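Listed next as structure tokens is one chain, alone, in the form predicted on its own.
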């Protein structure tokens, strides 16, 4: 068999480990040919490809970024830069020209939706979820999440010492537009006093009272972890808005830190390297078995797959009844 592989959407730690896992399994175990498609779905339109050999995979396991490049191209959306171009038809022609039996797409929610549409037009597709937000429906974890949690946790750890030294409130903003998994996991791991998630409404007055009460109890500082997607007035950045409101409510000096793209860069953790390797191997197994239109997933300790029809258009959100939220409440963490 001859398969193509691409990476789409934002970069995150573990993509190269996944590419390695798929390709080494496909080439070594299943004797497949693998074609690397550059710059996401854009490469299928412009025919930017290169054959991947086992030798070219050396050194990828711990390397950040993606050797294939990425883009946010969606061939099923209208594009004013290419008016009159039927991109899905063009992609189908290019895939036939390449002689591909299956297309492997590594990406987040938008990539899953695009891959589902690829199946609808007759292109065999297998996908692997990639996101630091951990918000892809159907899988307990996506590679990249553990690495981002580790980075955010280290940043929170470092803020404790400066907050304590200056008797300040420190607000740290982590990624997560709709889902608060990263804020929840890093907030608990880093000992956050207040954790604000996009899924759980908050009352700024209660937050202010909570901080004042901590000071009364002899606790000289507070750490506030916020997901970037929480609701704010006037569309202000989450950390900026919360810091301003806390200082107004409490009179306590408050500073903000925004981690931004630092969370997405660098080498993956050992957990993500192993998860990426296992997911890549399972993707190759699905292809060899002719099981197309599937997304690789992990549930508990099991590696399995789910139909792209089930995944497309869904987002996995944090429930207020989540065990991590419940345990945070038992610890005295304020969720707003």
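For clarity, every value in this text was computed on a predicted model and none was experimentally measured. Numbering follows the first chain given and starts at 1.
The following text describes the form predicted in complex with a small molecule, which does not appear among the structures shown.
Exactly one of the stretches 156 to 164, 196 to 204, 176 to 184, 247 to 255 approaches the small molecule in the predicted complex with heavy atoms within 4.5 Å, and it is 176 to 184. With a 4.5 Å cutoff on heavy atoms, residue 228 counts as touching the small molecule in the predicted complex.
Although the partner is absent here, residue 264 lies within 4.5 Å of the small molecule in the predicted complex, judged by heavy atoms. In the predicted complex, the small molecule lies within 4.5 Å of some heavy atom of residue 132. Taking the partner from elsewhere, residue 72 is found to have a heavy atom lying within 4.5 Å of the small molecule in the predicted complex.
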